[in-house]
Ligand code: A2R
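Presented below, as structure tokens, is a lone chain in the form predicted on its own.
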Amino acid sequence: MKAMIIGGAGFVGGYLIRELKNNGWEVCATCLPNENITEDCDKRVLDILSKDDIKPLLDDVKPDVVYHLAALSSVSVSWKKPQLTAEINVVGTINVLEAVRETGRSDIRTILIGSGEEYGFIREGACPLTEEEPLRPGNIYAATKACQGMLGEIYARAYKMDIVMVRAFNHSGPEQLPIFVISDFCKQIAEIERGEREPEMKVGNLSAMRDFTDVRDVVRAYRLLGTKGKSGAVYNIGRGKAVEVQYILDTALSFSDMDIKVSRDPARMRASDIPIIEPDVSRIAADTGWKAEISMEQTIRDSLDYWRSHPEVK
């Protein structure tokens, strides 16, 4: 199998490259001119907003599976940069789908990576969420990802393209940017341990309940969907059990010997926050045999160890 990963320089991209290569796949990964892919693979420069550059690359690489990872993926950033979020996540996706369509190859599988945030304002009693649950996005990032998924369904139906849609719930692990909650908590603790900041952690909403999965489990799901997923289907990817952000904080603090104060930071509170998001993951389990295997505690410990051993990363 040969994969082309669009957006391979990001957090998930590196893990997906390793997962695919470790399982015998050939991998081509793209990045922006100012980005760098450190993994050993065929590396190409691509901006998905430059539509005319995508099809020639597909014709050259001739992938079996295209993983569309390129996105602006932060909820908090989407509130600050809504236009840019829409341009990359919606227009960029159209460009990718059009390029795949224009190859004339019906054997290319395209996997669109969406988000559990798409479910948004969830009706009472709806959790765990099945893929048939109506989408009611509660933030700008979620709205763009919901639109991406709808575009995928339209292209699959109208042009008979082999497209699989994913709604990936929160995933984390070593090397993730500290704009995401587990990495943020772990980075703060590591800096406190080194004496780089006062023994006080700044936090946002701790009562929100989210489903957290290790990124290494998530990319294994992506690999399996590349060959076992059903064309035109939507798949939730997550642990299947939501926990309070408070639990993430308490677990991270339990791995440190420091006496650390916790205080609320208004700047970390989102303009709109959904109380609970929890997926039903029975569909991907039935079609691929996948389930999350790495414990949340291990993910947090590995993330904390990463920040302890990489003081140079800011």
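These numbers come from a predicted model, not from an experiment. So that there is no doubt, residue numbering starts at 1 and follows the sequence shown.
Below, we turn to the form predicted in complex with the ligand, even though it does not appear here.
Comment: 71 to 79 is the region of 233 to 241, 128 to 136, 194 to 202, 71 to 79 lying near the ligand in the predicted bound form, near meaning a non-hydrogen atom within 4.5 Å. Of the residues Glu35, Asp64, Asp287, Asp280, just one reaches the ligand in the predicted bound form with a heavy atom at 4.5 Å or closer; this is Glu35. Using a 4.5 angstroms threshold between heavy atoms, Gly229 stays clear of the ligand in the predicted bound form. Interface membership of Asp47, defined by any non-hydrogen atom within 4.5 Å of the ligand in the predicted bound form, is confirmed. Among residues of the shown chain, Phe11 is one whose heavy atoms approach the ligand to within 4.5 Å in the predicted bound form. Remark: Phe212 does not count among the residues lining the ligand in the predicted bound form, judged by a heavy atom distance of 4.5 Å or less. Residues of 140 to 173 that come within 4.5 Å of the ligand in the predicted bound form, judged by any heavy atom, are Tyr141, Lys145, His171 in sequence order.
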